[in-house]
Structure formats: C-alpha cells, structure tokens
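So this first bit is one chain, no partners, the form predicted on its own, shown in structure tokens.
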Amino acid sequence: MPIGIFYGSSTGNTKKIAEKIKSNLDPGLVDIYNVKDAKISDIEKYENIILGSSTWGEGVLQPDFEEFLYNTLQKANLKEKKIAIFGTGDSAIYPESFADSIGIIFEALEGKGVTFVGEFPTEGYEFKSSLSIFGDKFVGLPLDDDSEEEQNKLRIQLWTEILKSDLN
C-alpha cells in the first residue's frame, strides 16, 4: 500500500529524517510532502500516513506543521486511515518536553476514526517527561538530532521494521 509522509521542517532535520524513513521502507511506495505545500486531497489519497514534526522550545510544534495540523489535517477525512508519527526534540536542553510534538499530534487526531501505529519503547532515552508517552511506550518515534544523533540510525531502522508490519 502506498504511504504518504508529511513533515514540517524549519532547519532541515525533520526533512532529512523523513527521507531516511522513506529509504528504509519501500521507496517506490512512499511519497514525501512538505506540509507547507500539502493539500487535503494529498492526505486523503493515502490509507497509510506518516506525520513528522519537530518540537520547538518547551512543547511547541514546528510552525508549518502546527498550521497544517489545525487548518488542513483536521479537516481531512481520516476515517479508517493508519497513522504513524515521528518527532524530533532535544532531550538535553528540553528534558521536560522531549518530543512533545508526537503527543500533540496524537491528541489532535484522537477520535477522528484513525488507527495509530508505530509505538516505540522508551528504553534507552534520557529525558524527564514527554506528552508522547501513553502507557509505557511512545506513541511514535522520538528522535534527538542534537544530543543523541548517533542513536537515530538504529531507531529509524527498528521503527521502520515495526511499520512494515503495521502499515499493510
């Protein structure tokens, strides 16, 4: 099944991660969209959607993604779609709001008839709190390009293996 990746990126880090995720999946089945150019029709044509945003400061979505989430994504028909979320954050400087973007997106789409996929274990991360944790797992893939960049390659690899079975 085709997959649409929709990301918001100010510095290029989230775009780079979206491209790595695509290369770890079946690249021929994956399309990538910068959210500042995405339309409702782009979202609605996919049954499998991956969303990605960085967390700015203390729990704020990347500006383009915030606008996309509330003005485009929430207006789309998402019923019965599978959604996976990844996000970036800085666990050293903002340990109290590490990768909160994942949780913000999750909460905004909860109750819209979607199935969330791609939970990821919290083991190996160092932070104090995150809106991205429900139960004992992250509801998506958190990445730290600032303090834990060396971990990202393996985490992306593990997460995309999870997605290969979840997004079918």
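Numbers for residues come from their place in the sequence shown, where the first is 1. Keep in mind that what you see is a predicted model, and the values were worked out from it rather than measured.
Although it is not shown, the form predicted together with a small molecule is what the next lines describe.
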With the small molecule left out here, work out from 55 to 63, 102 to 110, 38 to 46, 133 to 141 which stretch has heavy atoms within 4.5 Å of it in the predicted bound form. 55 to 63
Just checking whether Q157 would be counted as a contact of the small molecule in the predicted bound form - the rule being heavy atoms within 4.5 angstroms. no
Can S23 be called a contact residue for the small molecule in the predicted bound form at 4.5 Å between heavy atoms? no
Would S10 count as touching the small molecule in the predicted bound form under a 4.5 Å heavy atom rule? yes
